[in-house]
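What follows is one chain in structure tokens, specifically the form predicted on its own.
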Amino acid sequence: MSEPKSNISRRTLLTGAALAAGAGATAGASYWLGSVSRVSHSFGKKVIVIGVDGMDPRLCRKLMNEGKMPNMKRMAAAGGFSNLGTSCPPQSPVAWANFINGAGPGSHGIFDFIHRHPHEQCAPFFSAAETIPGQGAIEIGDHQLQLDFWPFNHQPPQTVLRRQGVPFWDFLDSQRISSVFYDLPSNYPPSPSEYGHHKCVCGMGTPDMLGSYGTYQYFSEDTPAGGVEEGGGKRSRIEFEGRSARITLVGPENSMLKLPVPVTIDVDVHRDTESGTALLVVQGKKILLKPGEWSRWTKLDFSLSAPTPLPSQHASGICRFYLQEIGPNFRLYVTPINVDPSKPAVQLSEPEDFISNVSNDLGLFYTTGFQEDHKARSNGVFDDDEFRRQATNVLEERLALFEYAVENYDDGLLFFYFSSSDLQSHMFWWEGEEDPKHPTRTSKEAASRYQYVKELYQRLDQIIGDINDRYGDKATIYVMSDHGFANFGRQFNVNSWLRDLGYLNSRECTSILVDCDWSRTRAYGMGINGLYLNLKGRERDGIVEPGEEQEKLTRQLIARLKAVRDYNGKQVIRNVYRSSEIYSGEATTLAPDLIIGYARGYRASWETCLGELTPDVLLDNTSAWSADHCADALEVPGILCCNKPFVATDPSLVDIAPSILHDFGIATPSTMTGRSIFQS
């Protein structure tokens, strides 16, 4: 963490307070003074779960056999190591929701990163959370004021968690057993704790101050004058007069305006090519950087004007600056503007002050769900080394937070999440023995980048070893991942395929969101693995009759999809699943009709995820994002390593929650479909 406020941890302070209570204090008294969970009914029981996103079992086994992951090998010898069955489809929001509920998508209702509104004819939205526009307001000049009390009863805009069902920590909470989660995916906004024994900092799914999953800002002298808006980023031209220039950071929209516009902050830039430095001045703070240097986190105060006579409102954000080049082409990268954890403008934790308490001890840190800036790499703002450096910054922050989490842990459940193995694998993974031809890199380059992933696994192994050394004989420790990884060299556009076979019309259609003829379209793709029938009575413009026609079309699509072959004869799709056969529960309303399980090496095309069509159905993946896990679930299982022997031979994500509850003596609830790995 940058800008540490103190080298003294809260635990150290508490311990000091206990000691200061005097030598006459009894052991029991020091317990009450020193414990952060003094009302917990954990009775000293400890369970620690390390969630390592995307850690792959095949690579783990290889490195363990080579002696390069000795700590995990040691832990596996004591307890066990296994593939961990992932979700179908194996996408992170789906998989982590399986972990949370101890049950599949039919329980939590998340089937993909993206869902569609059938009554709006495939209008997409993020599956795990959705922002609902406000209703009603009083207009005052250029502003509008929403009053949510009688007699006005306006409805302010709100972001709602779409994950359904009962999270497993609720059963701990009701038994007064403490649980604390750091960066838990699929839990934004955070679900509440009814009894006050649950704490959680939100993870994947948490937006930045612009309301996106991460939008960097980039300033250079060679950016076109009008700027460039690209997925995950904004580019602007910087123009110097002499040695000085001014750039503008774009912040959150002021929703109190009738026509909301972003609030901005100017930054003065002074370039000194003789000393090779640049001075940034932002809201009175001065930041001196050399090329290749990162600033610390910088607080940004966004002033949101309010209708007269009300005072302006303020929202606090944070960002870091990275000076890439001072000349001849000045280049400056600014991280996505994160919500300030020390003064969060929106609720990022449960309880609400939990994250600010952490920040008060540690300083500032990333709060967006996606912290490694893969978009900057994919868009060419970063090269490989710069992305690796930024990802390392993230990991260093995570390690400081992890140390804090461990120091402030007494008993109950501790969950900690690492994202590094997922987002770095997306950019650097390439298994050359499986496919020596990388679509954009030479074999030597691909092997060199893959080495980064192996080194990362070894570093994570050291972390696992440390926690095992500290708690191995006092706690049940799980190391788990939500899925594994695979090469992603070729991409398949399901909508183009449907168009070529006449299921989607017209043949000139470029996007199902723009120019699709729904009166002649029987099926369409949305999201990464989902395929939907244009079903009458369900979709707004549905034409496929439920019943016999629906069944005939379904059988036909499954058979044809399984038969798809690439130019070299390789099978593109390993399996196609009917959601009606693999999902059960009360939350299936938005489920796709079919789930496409891609063979290793293949994935849905970038364009098809939001309904765009391409001339070709199959094409090379030329993105820096050259590995993925959104394949068939059987191709990319996760890992489970436990220091306590388990008997399950084919554990799955849905089994972890019942296993944790089992450790605390709680029987598997009826809401779960998984079972404890410790029971035969």
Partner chain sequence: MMLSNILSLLNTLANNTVGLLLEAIAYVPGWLSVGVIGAITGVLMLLAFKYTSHQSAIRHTRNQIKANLLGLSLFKDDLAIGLGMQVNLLKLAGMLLALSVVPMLVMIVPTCLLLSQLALWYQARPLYAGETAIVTVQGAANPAVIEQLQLSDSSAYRLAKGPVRVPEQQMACWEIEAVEPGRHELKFALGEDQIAKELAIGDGLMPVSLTRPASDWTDLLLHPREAPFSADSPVQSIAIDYPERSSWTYGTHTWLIAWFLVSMLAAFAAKPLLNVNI
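Numbering follows the first chain given and starts at 1. This structure is a prediction, so every number in the text was calculated from the model and none was measured.
There is also a form predicted together with its partner chain; it is not shown, and the following applies to it.
This chain lacks the partner; the member of Arg459, Arg565, Lys437, His270 within 4.5 angstroms of its partner chain in the model of the complex by a non-hydrogen atom is His270.
Distance criterion of 4.5 Å from any heavy atom to its partner chain in the model of the complex singles out Lys286 from the list Lys444, His119, Lys286, Arg507. Taking the partner from the other structure, its partner chain in the model of the complex has no heavy atom within 4.5 Å of any heavy atom of Glu586. Its partner chain is not drawn, but in the model of the complex it has a heavy atom within 4.5 Å of Lys290. Its partner chain in the model of the complex comes within 4.5 Å of no heavy atom belonging to Gln556. Using a 4.5 angstroms threshold between heavy atoms, Thr264 stays clear of its partner chain in the model of the complex. Residues of just one listed stretch (605-613, 273-281, 301-309, 487-495) have heavy atoms within 4.5 Å of its partner chain in the model of the complex: 273-281. Contacts with its partner chain in the model of the complex, taken as any heavy atom within 4.5 Å, map within 235-270 to Glu241, Gly242, Arg243, Ser244, His270.
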